[in-house]
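Next comes just one chain, in structure tokens: the form predicted on its own.
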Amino acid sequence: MQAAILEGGFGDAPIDAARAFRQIMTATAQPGTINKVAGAQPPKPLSIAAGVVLLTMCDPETPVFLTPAFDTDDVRAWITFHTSAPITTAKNAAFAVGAWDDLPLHDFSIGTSEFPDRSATLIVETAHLSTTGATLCGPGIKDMATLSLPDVAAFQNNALLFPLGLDFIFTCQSELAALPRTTKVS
């Protein structure tokens, strides 16, 4: 096993994971806010933020789908070593990682009426993340917020599925923002 696979996890796992969890939950509870995270050094092409989300949210019960650009031996080994999360197909994924254009949105679970929580969360790696662009409103947003989104129509259609639908975490370098299915986008 390569040393790089053993490295890159949280240095002080209980403290780093608690901080990361708080940042991820804050981003989810307040769509449109961008939070800086730290503590992970995953292999390329994963960003620090994507690595932090995977370390914090994944375990042996949360299958992960990787798009082809992210499905490398190093990324697979790093995820397996640090989280024990199985790598799977889009259909069976609890989490997915990839660039927007590479994620097969229609292949992921949106939950069921009995279990809407059994939907996928997509970690969308972006080259740019800012609080400009699409207008957001809904739970956790006082009046309105804005966030740079890759495709407004896709998020509008996703919100129409509520209580079903996908949840999104956008990552760029060491920053992340979230867009839960409850958020209305215009």
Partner chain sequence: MSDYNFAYLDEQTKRMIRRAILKGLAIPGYQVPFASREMPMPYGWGTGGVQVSAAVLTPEDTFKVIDQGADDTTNAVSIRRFFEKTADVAVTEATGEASVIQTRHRIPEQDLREDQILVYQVPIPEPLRFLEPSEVETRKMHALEEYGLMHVKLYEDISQHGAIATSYAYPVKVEGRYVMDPSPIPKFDNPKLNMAGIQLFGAGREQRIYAVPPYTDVVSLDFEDYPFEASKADHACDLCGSTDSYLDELIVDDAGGRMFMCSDTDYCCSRRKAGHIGAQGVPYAEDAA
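Residue numbers count along the first chain shown, from 1. Predicted model, so just to flag it, every value in this text is computed and none were measured.
Just so you know, the form predicted in complex with its partner chain exists too; it's not on screen, but the next bit is about it.
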| query | What stretch, of 113-121, 38-46, 66-74, 147-155, brings heavy atoms to within 4.5 Å of its partner chain in the model of the complex? | reply | 113-121
| query | For the spot marked by Gly32, Ala90 and Phe170, is every residue within 4.5 Å of its partner chain in the model of the complex through some heavy atom? | reply | no
| With a 4.5 Å heavy atom cut-off, would you call Cys58 a contact of its partner chain in the model of the complex? | yes
| Contact test in the model of the complex: Pro180 vs its partner chain, heavy atoms, 4.5 Å | yes
| message | Is Ala159 near its partner chain? Define near as a heavy atom within 4.5 Å, in the model of the complex. | response | no
| said: I'd like to check something about Thr28: if you look in the model of the complex, is any of its heavy atoms closer than or equal to 4.5 Å to a heavy atom of its partner chain? | reply: yes
| field | Heavy atom within 4.5 Å of its partner chain in the model of the complex - qualifying residues of 8-23 | value | Ala13, Pro14, Ile15, Ala17, Ala18, Arg19, Phe21, Arg22
